[in-house]
Every structure is written in C-alpha cells, then in structure tokens.
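One chain is shown next in structure tokens, namely the form predicted alone.
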Amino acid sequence: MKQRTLKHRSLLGTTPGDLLFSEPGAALIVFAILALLPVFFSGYMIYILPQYMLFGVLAMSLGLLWGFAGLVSFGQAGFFALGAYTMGLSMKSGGGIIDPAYLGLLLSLVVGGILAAAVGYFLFSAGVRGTYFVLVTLALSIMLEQIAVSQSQITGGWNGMFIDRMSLNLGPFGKISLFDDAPMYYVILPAVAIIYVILYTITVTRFGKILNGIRENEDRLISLGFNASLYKTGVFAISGAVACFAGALYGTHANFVAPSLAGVLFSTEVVVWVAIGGRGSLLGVLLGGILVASFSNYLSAITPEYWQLVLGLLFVAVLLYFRGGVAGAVAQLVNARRAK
C-alpha cells in the first residue's frame, strides 16, 4: 500500500491531500467561503468585511516586499491613502471621456506604481538598505500625510474628503449601482482574488526566485551578475501600485478619506498584520490583514484606552514564539502531519 501511494504521488505530482494543504488550495477554500457569506449574513458584517479585505490587500503589498524581498516598508499606508485621494479627486472631476470610477482605479495604479518606482530607483541605486530604507519609507508616509493636511483646498485638510460610491458602467448594459452593500461586496471580492492570484504568480516565477535570493543574500546575487537594485525597484513599484489600488477601492467603499490614513499609526498596524499573519505566505498575510484588523476594531470598541497595548503584546508574542507568523505555524503542523 505504501508503494502504491508513492507511485500515485510520482505519477500525478501531488496527492489530493497535498493540493488541499497547499496555499493555492487553501486560498480557493477561503475565497469560496467569502463568496458565500452574503448568502447567509447581511447587515453590518457585509458592509465592513470588504474594508477588511482591502486591508488584507494592503497587507499583501507589504508581504510581497517583506516576505519575498526582505524589504520592510512603513510607507504602505501612504500609498493606500494616496489611492483613496486619487479616487476622490477623480470622482469629483466627473472623468470626461472615461468613467470617473474606472479613471480613479487606473490612475491609482499608475500614480502608486510611478511614485514607488521613482523613490525605489533613487534609494536602491544609491545602495540604501535595511534600517535606512525603513526610515525613508516612514518619512514618505509622513510627507504624504502632511501634504494631505496642507493642501486643504484640494483634500479637505483634517476634515477629510467625502467620496461617492462608484457605479460600474457596463456600456450597452448601462450602469450598475454599488450603493447597496452586497453589490459592492461582490465587486471587491473578485478584485481581491485577482490581486492575490497575480501576486502569488509573481512569487513563483523567476522574478520571485530572484527576490528570494535578494532576501537571503543580496551580495551573492550581485556577484552572480544580477542587478539587485533593478529588481528591488520593480517589486517596490508593484507593491506601491497594489497598495494605491486598494486605497482607491477603500475610498469609494468607505465614502471618506482623511490624512490620518497615511499616518505613522496606520503604517505600523500594517506591519503588525503582516508579522502576525506570516510574511512568508501571501494567503497568511491576507488573512492576517482581515482578522487582525477586525480584532483591532473589536478591541477598540470594548477598551478604547488599551486596545493598542493588547495588539502590541500580541505582536511581541508572535515574534517571540511564532517567527513565521500564524501561517508559518500552520505550515509546520502540516509538514509534521505529512512526515508521519
């Protein structure tokens, strides 16, 4: 029986159990569950869950950087807020030839990608690494927050900017209103799934393997003839574009954006989500963003004074006992099960 099992594994490459416990298999289950939730639930849960899913996308943008390239960025919140403001300005402009919703989403990708590419090019070509990169990205978030405050005639300053919910223009089929929660849910969920698939595909390509090489030993990779700064600029541009795109969807869903969305506190929360979820797994990071953000919201409601302390203690506990985050701990359990 044991020999037959080995033969089955060698012929098909993987067993059904392996597929189930692989990240793509687990992701398929997670997205299927998320797709079914509005069938059984309604009200506040269906309203708020898309926001948490977008927080998960924001966490994935950092997970790609940190988990696969070894680059810790405190600037993801800045890109997120930039995307929300881009969507708000686009919706206010009316869009012209292009539908303002589509224009806002497209511009968020372009603006986030170009800004991250420009910043990354100057930083990485100058040899900036480690702590210095962290400090620069933190300064970037602070700068974007201050710009949002100072340009109050455009952004609304500390009062923030109200953003209309987008509607989808389907050409001859007319427009679909996303004012209700369920239609918006079923627009954001496929977007999250597509982004996950794209980012996961990147990690298993040659590009992703080179990023792993940079994370493990950048100097050795350079000695082999690879332009590490170019690859780091590329992954930072992708990360910035994804974070900005998530922010654009967040802005139109929440109907509001304020400068604090780009602040240091929110930037730190993103790092906590990724660390707890497990930076080595995009699915773990996505779930970390969803679950930890919802847990933070619950804590802030029952203990407004100490919820940040509780979250900080959870972060420290994960770093001490689960270096790979929750996803890493689950992977160890699965590997131990397979070894038996």
Partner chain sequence: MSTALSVVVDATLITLILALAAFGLAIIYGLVGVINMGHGAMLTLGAYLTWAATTAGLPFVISIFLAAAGVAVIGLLLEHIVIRSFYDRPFDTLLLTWGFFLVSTEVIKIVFGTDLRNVANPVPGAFDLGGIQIPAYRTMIAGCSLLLIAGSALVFFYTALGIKIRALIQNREMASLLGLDVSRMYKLVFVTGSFMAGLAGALISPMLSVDPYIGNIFLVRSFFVVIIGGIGHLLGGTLIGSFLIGGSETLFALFSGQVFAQTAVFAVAIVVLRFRPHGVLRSG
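None of the values given here were measured: they were computed from a predicted structure. Residue numbers count along the first chain shown, from 1.
Although not depicted, the form predicted in complex with the partner chain is the subject of the following passage.
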query: G130, heavy atom within 4.5 angstroms of the partner chain in the predicted bound form; finding: yes
query: The partner chain contact at Y196 in the predicted bound form, heavy atom, 4.5 Å; finding: no
query: L135, heavy atom within 4.5 angstroms of the partner chain in the predicted bound form; finding: yes
query: 4.5 angstroms heavy atom contact with the partner chain in the predicted bound form for L309; finding: yes
query: Heavy atom within 4.5 Å of the partner chain in the predicted bound form - residue from S177, T201, S93, S150; finding: S150
query: In the predicted bound form, segment of 266-274, 99-107, 83-91, 238-246 with a heavy atom within 4.5 Å of the partner chain; finding: 266-274
query: Within 141-166, the residues that have a heavy atom no more than 4.5 Å from the partner chain in the predicted bound form; finding: I142, M143, Q146, I147, S150
